[in-house]
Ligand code: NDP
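We begin with a single chain expressed as structure tokens, specifically the form predicted alone.
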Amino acid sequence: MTFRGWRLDKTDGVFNCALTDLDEAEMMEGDVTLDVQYSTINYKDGLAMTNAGPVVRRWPMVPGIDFAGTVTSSEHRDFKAGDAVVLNGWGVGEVHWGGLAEKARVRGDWLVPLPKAFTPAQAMTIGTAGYTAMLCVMKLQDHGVVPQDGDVLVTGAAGGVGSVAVAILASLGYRVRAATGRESDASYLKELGAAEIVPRAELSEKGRPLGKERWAGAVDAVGSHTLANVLAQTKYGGTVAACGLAQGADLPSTVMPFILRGVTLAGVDSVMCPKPVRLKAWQRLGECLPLSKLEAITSTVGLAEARRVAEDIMAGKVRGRVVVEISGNADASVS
């Protein structure tokens, strides 16, 4: 039995990414097999499909770090044929075949039941980016950041994580300042709920160890000098939730924000996040995410378009969310 999917190979240092027929006999170990209905393209997928970063650690690999699908067979106690499920992370698309294919086989412990609040397509409109954004917001709230404390900054605001973070924070009553490098994104971000736009250039270059206190908290998906400046400009007792490295993995900062202002740098990991926290994040998304706003900035493509979208993400041409419709659309563009 074969099925369509993207296959990444590297032989003698030569990288290849192709949409091809995959053999079920090659599928990796797992106790649940699924028909994948929808996936999405995240920044990490862009790195993998363009070979722009060392994301893939096992070859050959099917990319796609998340998916929504229907169980076709299961040896796991919590799932049975016909169940609708969602997967985010757990090394899928990196060390275990991922969601940019018509079928997947994974460990049942990695799966979350599809929340009743969402259809499979809506779950991938949220995707790993939206789930990560929710984890960041939860981290700010766990550290006591409330709307009355002042502005909250979102960096990389036009990207997948940033877009959802802006929408969630605004819906919860926070005054959101959204950092972006494109003036054309201003109206888009304000429609999501941003109150003010911060030019990316204000944060992306080397700055002072401490700057003027500007925000009570922040969600950062950028890293490097941007994160260093965000920390230096966070108010006394504020918290910064860090989840990405779009600018770089380095952190050219000092201890001064931490020891002079009591700032907290809270790391957010979506890949190995424990299942109880995942379930809480998806529950919270059903409660506070203005899905209509998110759907308005989401486009849908067929499986065949995934490589093009990955290249566009790496070129900075994609804002918002891109859903990949897989069932019945393996070789065609959808919209």
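Quick caveat: nothing in here was measured; it's all calculated off a predicted structure. Note that residue numbering follows the sequence shown and begins at 1.
Quick note: we don't show the form predicted in complex with this ligand, though the next part is all about it.
- Contact annotation: Thr128 falls within 4.5 Å of this ligand in the model of the complex, judged by heavy atom distances.
- Mapping the unseen interface onto this chain, Gln233 falls outside it, with no heavy atom inside 4.5 Å of this ligand in the model of the complex.
- Although the partner is absent here, Phe67 is not a contact residue: none of its heavy atoms lies within 4.5 angstroms of this ligand in the model of the complex.
- Using a 4.5 angstroms limit between non-hydrogen atoms, Thr132 touches this ligand in the model of the complex.
- Note that among 298-306, 267-275, 23-31, 284-292, the stretch whose heavy atoms approach this ligand to within 4.5 Å in the model of the complex is 267-275.
- Only one of Cys243, Ala170, Ala228, Val86 lies close to this ligand in the model of the complex, with a heavy atom inside 4.5 Å, and it is Cys243.
- Of the residues given (Leu140, Ala123, Ala221, Ala104), Ala221 alone sits with a heavy atom within 4.5 Å of this ligand in the model of the complex.
- Remark: all three candidate residues (Tyr43, Val161 and Arg200) come within 4.5 Å of this ligand in the model of the complex, counting heavy atoms only.
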